[in-house]
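Coming up is one lone chain in structure tokens, specifically the form predicted on its own.
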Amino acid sequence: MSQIWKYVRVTPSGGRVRGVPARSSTTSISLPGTPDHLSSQSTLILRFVMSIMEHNGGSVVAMAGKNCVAIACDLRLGAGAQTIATNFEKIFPVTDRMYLGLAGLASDVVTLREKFRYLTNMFLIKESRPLEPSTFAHLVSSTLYERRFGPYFCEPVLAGLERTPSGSYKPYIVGTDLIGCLNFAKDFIVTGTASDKLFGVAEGLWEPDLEPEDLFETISQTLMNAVDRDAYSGWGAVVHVITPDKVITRTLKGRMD
């Protein structure tokens, strides 16, 4: 997530910062020269503002294997640096062979979970057949895009097994941004506050055609090592490995700090 730095100005008389609440933390910095839009007696103040996507923390990663997929998330729910709960799951079942991970603002995670459950049930009633991952991905995309001018602060990650015309299954993973732009991948997809760490570890550990147990080990090591380096993610994890026959769910213990 992008971090925002705001520049504000201090009046030389009262020392009050214009545009900054009295309780906001500010850091004074010295810069060579004086910008044209500042008077020579003004002081430049640098203030860090957290992105709304990082407020509650959390990370999600999905990986593709050989006729299987895996999706995992951490369990932390926070308010900035304060931890509120350690059992907040961000992955929800859509069908027997498809799971949806939601990382972002916790209130929007809950809202989208209920909305997608409603849309999935309506599709099943109307069509009398379960959703395939490719169909559900476009449903997620259109749902987010219709709110593009006031978006949900959430980045979904979808992992499932797509049925082929021959009757077999192939891995299917996809992610979207806030307004539903689909991002397809054949290896892995990451999102959340630890996404940059997840990218680095996943690129080093992931290999093509991993068996279910090897895929579980790879995604577990990727997530646990990444969230250990991120203050807004962690406190354990949940991993789902989806195969044509079953779904294997395991809970991992992580650092409790």
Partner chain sequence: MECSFALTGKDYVLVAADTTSARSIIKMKIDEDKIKTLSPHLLMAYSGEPGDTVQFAEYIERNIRLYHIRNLYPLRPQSAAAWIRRSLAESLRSRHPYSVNLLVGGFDTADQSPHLYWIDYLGTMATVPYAAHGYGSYFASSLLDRYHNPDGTLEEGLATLRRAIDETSKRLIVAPGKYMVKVVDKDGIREIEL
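What you are looking at is a predicted structure, and each value in this text was computed from that prediction instead of being measured. Positions refer to the first chain, counted from 1.
Below, we turn to the form predicted together with its partner chain, even though it does not appear here.
When you look in the model of the complex, the only residue of L139, I91, L77, A185 with a non-hydrogen atom within 4.5 Å of its partner chain is L77.
Residue contact with its partner chain in the model of the complex: Y99 places no heavy atom within 4.5 Å of it.
Within this chain, M122 is remote from the site of its partner chain in the model of the complex, having no heavy atom within 4.5 Å.
Taking the partner from the other structure, its partner chain in the model of the complex has no heavy atom within 4.5 Å of any heavy atom of V174. Although the partner is absent here, Q82 lies within 4.5 Å of its partner chain in the model of the complex, judged by heavy atoms.
Residue heavy atoms within 4.5 Å of its partner chain in the model of the complex occur in exactly one stretch of 111-119, 125-133, 156-164, 68-76, and that stretch is 111-119. Using a 4.5 Å cut-off on any heavy atom, the residues of 131-162 that reach its partner chain in the model of the complex are, in sequence order, G150, P151, Y152, F153.
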